[in-house]
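Only one chain is included here, represented as structure tokens and corresponding to the form predicted alone.
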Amino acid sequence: MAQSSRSGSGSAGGLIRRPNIIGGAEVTGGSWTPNINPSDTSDVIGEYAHASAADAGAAVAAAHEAFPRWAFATPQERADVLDRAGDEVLRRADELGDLLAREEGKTLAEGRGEVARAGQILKFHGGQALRNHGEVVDSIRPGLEVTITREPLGVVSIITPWNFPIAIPAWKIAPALAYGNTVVFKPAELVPGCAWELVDILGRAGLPDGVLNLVMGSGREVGPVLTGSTQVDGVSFTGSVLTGEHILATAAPQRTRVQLEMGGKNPLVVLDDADLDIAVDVALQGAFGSTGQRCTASSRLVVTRGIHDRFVAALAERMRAWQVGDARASGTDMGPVVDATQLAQDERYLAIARDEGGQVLGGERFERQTSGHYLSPALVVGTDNTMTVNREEVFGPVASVVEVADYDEALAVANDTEFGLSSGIVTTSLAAASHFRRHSGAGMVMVNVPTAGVDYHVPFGGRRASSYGPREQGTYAREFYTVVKTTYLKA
């Protein structure tokens, strides 16, 4: 493990290099991974240290050693750190939003919006540090007082995906720190830039050494340590179902608490009585915003027969008008796919959809002035709910249309999935909206708004294969990051 004093940056021939951060020290590791701009693959943002299993073990040990100090820090100390960090994130929204767009491929507007959300999350949980309330109840036995309090869980491994490179880390790290836990943070290998900046900001905001540790690189190398160590008390993961199930199996022998946010195959129901303009806008934003690379994206459009043809025609026209290009260019509506592997996956699913009888509108790969991973929005029509494109998560700018006879069939199709993250309906009928809200099998339900987009102060999560464990975000985050203690006191 090669180390240097904490300076915040390094360079090699003018190229920015960012180290892992373990126990407050910079740890370079044995190799470096380039961070590539998906809008322009000739643009290398910087090189980021590649952590080894030994580095991960050192990070867990540092978090374990730092835990007693942070667990008994005053709520005000924790609140102040998070509040200061939130202020800096918000001040640097333009700069960090540009970095996010550059490394992940979101448009500048989406990148800045995500950064602002991260800042708001940090400040919200700064307040939550001061609101970790308990209870006092009367015992059934005379002379006894019963208190119910919440204490920090311990060392938490946080493993995040590439599609929200600063918001998802913030909404996991902020409550973990607010309630007195220490953290080992492993971001997705594709997007280390925003992760490094967030950890650096929190460190300079006053976190003691070892409270927040950053290990970057391959999950295959560091994952077994972060999920299988006996010194890890909790694992919070967002990513694929396959990886989530593996983490659950790895953590179970140690009885480690696990929180998983995984896939989605989210339905948007469009009824005959829907306002067509609203329906098209909700579908467009929900399916293709952030290049469709969201677990809450509207990937299945379940449309009743009376509005189907008009809806498809209007949506296809809006899709053709969308500008796809460099994420940081003015006028871009949708940026590139995140990398070549994801682009190949998108195209594979489109090929399967054609083979199974679907008609693909859009979904064309093309070139811009820069060499990037560009794919136009794709709409697959003429599908039924048994087709692969309607069963498996594509995770790209691909949406399919299932035509149904009426609301009852639409509800049945919407619920016919192994997932249960988000769902939506577009209708002018209060009765239909109310019935759908109650009978949808998803953890989050949207009426006349896109399936993607949840405020930072409300719970986030789904059912079935989409989620496991307590909800994320808002006050509900406390359920995962704290343990309950019951105390009897006789005066």
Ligand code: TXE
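Position 1 is the first residue in the sequence shown; the rest follow in order. Bear in mind the structure is a predicted one, so any value in this text is a computation, not a measurement.
Although it is not shown, the form predicted in complex with the ligand is what the next lines describe.
- Checking 273-281, 183-191, 372-380, 98-106 against the ligand in the model of the complex, the stretch whose residues place heavy atoms within 4.5 Å of it is 183-191.
- Within 4.5 Å of some heavy atom of the ligand in the model of the complex lies at least one heavy atom of F395.
- Interface membership of Y407, defined by any non-hydrogen atom within 4.5 Å of the ligand in the model of the complex, is ruled out.
- Not displayed here, the ligand is approached by H246 to within 4.5 Å at the level of heavy atoms in the model of the complex.
- Using a 4.5 Å cutoff between non-hydrogen atoms, F237 counts as a contact of the ligand in the model of the complex.
- For the candidate set V155, A176, C295, L198, a heavy atom within 4.5 Å of the ligand in the model of the complex is found for exactly one residue, namely C295.
- With the partner omitted from this view, the residue of G363, G223, G203, G325 that lies near the ligand in the model of the complex is G223 [heavy atom within 4.5 Å].
- Applying a 4.5 Å heavy atom cutoff to the ligand in the model of the complex picks out I159, T160, P161, W162, N163, K186, P187, A188, E189 from 154-192, in order along the sequence.
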